[in-house]
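To begin, one chain is listed below as structure tokens, in the form predicted on its own.
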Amino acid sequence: MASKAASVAVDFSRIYTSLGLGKETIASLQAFRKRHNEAQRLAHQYNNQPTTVDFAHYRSILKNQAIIDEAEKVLKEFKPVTYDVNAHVKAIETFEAKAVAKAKETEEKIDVELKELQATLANIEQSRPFEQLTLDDVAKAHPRIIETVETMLKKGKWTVPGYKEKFGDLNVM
């Protein structure tokens, strides 16, 4: 019963999103959880059913005693069939290996992404405020801006294309 309480306490949707699992992995995990829950439900249902047959009760209420004798004989001779579950176990182990491989792959991707984000954050924290930037700083960071402005000046263009459409014209005349 403790495992059921633990599985209820786990927020799987949050796990799926926080780990960044792929759609295929999430679908496989959800299918596995569904099969597991159904198997647990059936096992609980069958464990609660009585396992003995009261033949004396049936003998007292039925007239045809031969049917009861036949049923009792069949029940005593019944031997449950054993199945070789090695194929299922191998399939589960294969699924587990794939899931672990996918998890490691996802972990590596997340580690790389975290390092990139930490580098970006450090860069942001170390940068100067926008108010302190000069034209030379911007030109050093993006030399194409200076090239574009120089080309526009050579051609005699004094307005930026699309500026009026986006910000409007402030001329009164």
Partner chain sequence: MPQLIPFFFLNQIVITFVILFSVIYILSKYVLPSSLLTQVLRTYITKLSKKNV
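Positions refer to the first chain, counted from 1. As the structure is a prediction and not an experimental result, all values here were calculated from the model.
Keep in mind that the form predicted together with its partner chain is missing from the display, and what follows is about it.
Visitor: Taking 29, 42 and 90 together, does each of them reach its partner chain in the predicted bound form with some heavy atom inside 4.5 Å?
Guide: Judged in the predicted bound form, none of 29, 42 and 90 sits within 4.5 Å of its partner chain.
Visitor: Only one of 113 to 121, 31 to 39, 44 to 52, 130 to 138 gets a heavy atom within 4.5 Å of its partner chain in the predicted bound form; which is it?
Guide: Correct option: 130 to 138.
Visitor: Is there a heavy atom of residue 14 no more than 4.5 Å from a heavy atom of its partner chain in the predicted bound form?
Guide: Outside the cut-off, so no.
Visitor: Although the partner isn't part of this model, could you tell me whether residue 152 comes within 4.5 Å of its partner chain in the predicted bound form, counting any heavy atom of the residue?
Guide: Flag for residue 152 set to yes.
Visitor: Answer for residue 109 alone: is it within 4.5 Å of its partner chain in the predicted bound form, judged on heavy atom distances?
Guide: Looking in the predicted bound form, residue contacts with its partner chain do not include residue 109, since no heavy atom lies within 4.5 Å.
Visitor: Residue 18: heavy atom within 4.5 Å of its partner chain in the predicted bound form?
Guide: Outside the cut-off, so no.
Visitor: Taking 4.5 Å between heavy atoms as the contact cutoff, choose which of 104, 142, 63, 57 touches its partner chain in the predicted bound form.
Guide: Looking at 104, 142, 63, 57 one by one, just 142 meets the 4.5 Å heavy-atom criterion.
Visitor: Enumerate the residues of 152 to 167 that have a non-hydrogen atom within 4.5 Å of its partner chain in the predicted bound form, in sequence order, or give none.
Guide: 152, 153, 157, 158, 159, 160, 163, 166, 167 sit within 4.5 Å of the partner.
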